[in-house]
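Encoded as structure tokens, the following chain is the form predicted alone, with no partner shown.
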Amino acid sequence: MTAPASTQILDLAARFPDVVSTDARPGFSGFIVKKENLVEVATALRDEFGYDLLSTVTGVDYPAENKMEVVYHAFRTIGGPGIVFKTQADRVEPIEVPSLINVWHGADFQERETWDLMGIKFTGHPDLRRILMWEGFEGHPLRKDWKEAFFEEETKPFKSRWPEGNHLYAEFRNPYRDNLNFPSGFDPEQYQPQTEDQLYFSLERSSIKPKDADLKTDSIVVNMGPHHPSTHGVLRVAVELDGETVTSLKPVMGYLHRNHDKIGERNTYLQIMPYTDRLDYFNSMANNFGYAITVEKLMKIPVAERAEYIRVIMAELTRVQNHLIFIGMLLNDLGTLYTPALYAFEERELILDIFEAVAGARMMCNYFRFGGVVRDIPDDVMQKIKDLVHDRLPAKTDEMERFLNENEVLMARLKGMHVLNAEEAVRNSVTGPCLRAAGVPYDLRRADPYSVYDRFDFDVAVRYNGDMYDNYLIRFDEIRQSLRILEQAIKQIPQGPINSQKPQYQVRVPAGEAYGRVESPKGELGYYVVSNGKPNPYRYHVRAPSFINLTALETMCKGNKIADFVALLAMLDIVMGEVDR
């Protein structure tokens, strides 16, 4: 688990007297910074104290106190616990906080999201546009006083649905079957997108100019997606081209957005668990893991010993199948249609058989519970896991490497094609395999261990070229390290109960805040939860690695050819359910 920042680790209040104070609220940690000095303090944290990786930017609405708060979590890529610092602004329009994009560029999309959903304006941000909601949307939906069309109640279960069960779909109350409100004076029949101009102005502002300035050339804008095989119908990327060279690029997302944070704040703590499955829908066990340890930190409860090992086994099986599918789908994106992907899916199906046997579902597992897991691994299923880990998966990984790694077409497309170097990756808050392929050996299982990962002997996979070939090979490296962990976990797993708590439909969560994070196959998956002691979280926010890693896409693609765009996008291994939430 991630240790909270404390004054013992760094006395920021002593370094900045009259500017920084310790957060003294019961159950809270970290420091509160005056917003006028936010950039100064953040710069010192990065340059003086080594907190080079900005992990999360989270807005919290406190209407009862007439203020809004922005919470930042920063970490050192050399490892260790992080620091939590916050700034507050009066809840009077416009609500303004200085942007930290010039300190950590990884704040870019997160500040845009906080502006979009909370209405906090980050002064100095060069491109503060909506990012998940559509441009005609009314209001900021994560505010506590925002109500959707046909609003019923603040929290579930709604009285109309339980216990009587006389529910009615909200849109059925509208003759047009639309469950939405339009801004005052808005006519959808006359609607013309206004922010397309803002998007294209943003493209132009960030464009790199051709080296030969004497030769006058016209640039063109190409929209990749959303209806394009590699973007799966839900990601659009506006690309400015000079000939075939990418000079500027802006992702456009939100096509799948359903406001996962708001859903979480409406649900009870236990009801949220199956919703986490649907973030990165390839890796529901990892999603469960991150959320479970966050709430366990708030509840201050232990996890059953056997359950800790079961969690690790499920998380590492998840990592193996994710990376196999990455390899198969990368080859798909490169044009080697179907065969490598089907080889990878065959192994994934065997792992999903395990998930189905223990959780009852193949993809949406809903398997973790606070204090443990929902059911034990049957003996016959444990034998299947042993067969996979000791025999089948190592052999099949060797086979895929033998078939693919020296393929001349694959090497020609990937070798020497720059993705990110260490500085670019850290500056853009990139985590996971892409960061390690850039030469930064930062893996939460080692850098800030959680669960029982500190009991296992394994290496942090790292490569140093930062090209597409290293980004491809590091997935094989990580599969082999996961298999090492699995072998040890299977051997060491103790007997005993699978949950430290009694089964319950409702859990008591003391007031306070917690940030929990795990090393998901895509990168750092974090959950920030604020409890006010009631059955539902007051604030629930997901730090989605797919979303934040996309911040680096423009850096990766500028100066490269449009023909390489699809392969470069594939390197980030994004899942749009996690990007849009």
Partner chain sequence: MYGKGILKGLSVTLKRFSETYLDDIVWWLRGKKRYYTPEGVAHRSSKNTRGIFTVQYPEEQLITPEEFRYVPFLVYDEGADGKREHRCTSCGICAKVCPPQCIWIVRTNDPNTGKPVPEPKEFYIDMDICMNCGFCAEYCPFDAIIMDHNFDIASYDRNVYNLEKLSKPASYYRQIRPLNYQKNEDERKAKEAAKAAKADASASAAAPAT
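Remember, predicted model here, so these are calculated numbers, not experimental data. Positions refer to the first chain, counted from 1.
Keep in mind that the form predicted in complex with its partner chain is missing from the display, and what follows is about it.
> Decide if the three candidate residues N166, A361 and V374 all line its partner chain in the predicted bound form, where lining means a heavy atom within 4.5 Å.
So, yes: the whole triplet contacts its partner chain.
> Quick one: find which of 431-439, 102-110, 474-482, 268-276 has residues within 4.5 Å of its partner chain in the predicted bound form by heavy atom distance.
Residues of 268-276 come within 4.5 Å of the partner.
> Looking at K156, K144, R446, R455, which is the one with a non-hydrogen atom within 4.5 Å of its partner chain in the predicted bound form?
In short, K156.
> Ok, F122, Y309, Y450, Y343: which has a heavy atom sitting within 4.5 Å of its partner chain in the predicted bound form?
None of the other options qualify; the answer is Y343.
> State yes or no: in the predicted bound form, is some non-hydrogen atom of K491 no more than 4.5 angstroms from a non-hydrogen atom of its partner chain?
No.
> Is E408 close to its partner chain in the predicted bound form, meaning a heavy atom pair under 4.5 Å apart or at it?
So E408 counts as contacting its partner chain.
> Whether D242 contacts its partner chain in the predicted bound form should be assessed with a 4.5 Å heavy atom distance threshold; does it?
Contact check for D242: no, nothing within 4.5 Å of its partner chain in the predicted bound form.
> Contact with its partner chain in the predicted bound form for Y464, defined as at least one heavy atom pair within 4.5 Å: yes or no?
Looking in the predicted bound form, residue contacts with its partner chain do not include Y464, since no heavy atom lies within 4.5 Å.
> Taking its partner chain as it sits in the predicted bound form, which residues of 391-416 have a non-hydrogen atom within 4.5 Å of it? Please list them.
Contacts from 391-416: D391, R392, K396, E399, R402, F403, E406, N407, E408, V409.
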